[in-house]
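First, one chain by itself: the form predicted alone, in structure tokens.
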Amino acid sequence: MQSNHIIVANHVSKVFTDPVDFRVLDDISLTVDKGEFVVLVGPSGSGKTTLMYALSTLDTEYEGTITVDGTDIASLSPNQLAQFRNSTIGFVFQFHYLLPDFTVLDNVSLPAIKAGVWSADEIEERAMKNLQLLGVADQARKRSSRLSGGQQQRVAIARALMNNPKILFGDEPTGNLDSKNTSMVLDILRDLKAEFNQTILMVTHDLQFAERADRVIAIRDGRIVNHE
């Protein structure tokens, strides 16, 4: 029987050595299913962000194994890992990281241009479709620096979806937003899960965020202390 797990972590540990040895992840094992909306919570220094970076392939220096969509991340060369990341994973961070002098459309198009799979017309069509989905298609020709904070974060989500990622990761994606825009982003993420069976894994301090997820994984002192 085929597994529904899209992320599998087995006995993952990580030690920081500067200035002193500190075990930031301590024998963590978990799974995330396809189409599941999971959030990682915990106090500052708990290891939740470090774990998210490992699960999302941004950090490969750890003990144990992490499999994403059936691929053992440690088995990939740096070039293979970069290709895998660009085709399989989308990222949304606390800061949007849009290029301020580029238009919204150009910003959203960048991952697809890098992938080199589609023609220029196809990329523009895909980008506009994503901007429409996120409710910011009317901003496509504006420079990203002219958008509000909430609009910029929605553009960042549109960009993260450009290559049809199997998993959408986020690091405090509503950390810089007010309550209205936070609620809007949450609605968008729930819609992505409901309509497209999008797998979502986010780190957050936001209780409103945690309440809307399918499952909350609480981490303290580098260990999982609760699955809800």
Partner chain sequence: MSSPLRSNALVKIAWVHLVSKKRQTIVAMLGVMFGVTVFIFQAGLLTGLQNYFIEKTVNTTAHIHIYNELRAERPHVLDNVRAYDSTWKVVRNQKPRDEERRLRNGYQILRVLEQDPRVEGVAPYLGLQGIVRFGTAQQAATLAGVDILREDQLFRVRENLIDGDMLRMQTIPNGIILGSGLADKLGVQVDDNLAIISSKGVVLDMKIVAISKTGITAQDNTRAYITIRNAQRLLQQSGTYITDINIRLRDVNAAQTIAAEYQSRYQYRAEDWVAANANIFGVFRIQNITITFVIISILVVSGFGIFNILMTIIYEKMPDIAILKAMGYRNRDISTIFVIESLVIGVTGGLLGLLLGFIASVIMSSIPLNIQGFVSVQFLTINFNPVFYLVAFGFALLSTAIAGYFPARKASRFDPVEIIRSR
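Residue numbers count along the first chain shown, from 1. Note that this is a predicted model, so its numbers are computed, not measured.
From this point on, the text means the form predicted together with its partner chain, which you will not see here.
Note that among 29-37, 197-205, 181-189, 46-54, the stretch whose heavy atoms approach its partner chain to within 4.5 Å in the predicted bound form is 46-54. Although the partner is absent here, residue 99 sits close enough that one of its heavy atoms falls within 4.5 Å of its partner chain in the predicted bound form. Within this chain, residue 59 lines the site of its partner chain in the predicted bound form, having a heavy atom no more than 4.5 Å away. Proximity of residue 139 to its partner chain in the predicted bound form: non-hydrogen atoms within 4.5 Å are absent; the residue sits far from the partner. Using a 4.5 angstroms threshold between heavy atoms, residue 73 stays clear of its partner chain in the predicted bound form.
Within 4.5 angstroms of its partner chain in the predicted bound form, the stretch 116-133 places a non-hydrogen atom from each of 116, 118, 119, 120, 123, taken in sequence order.
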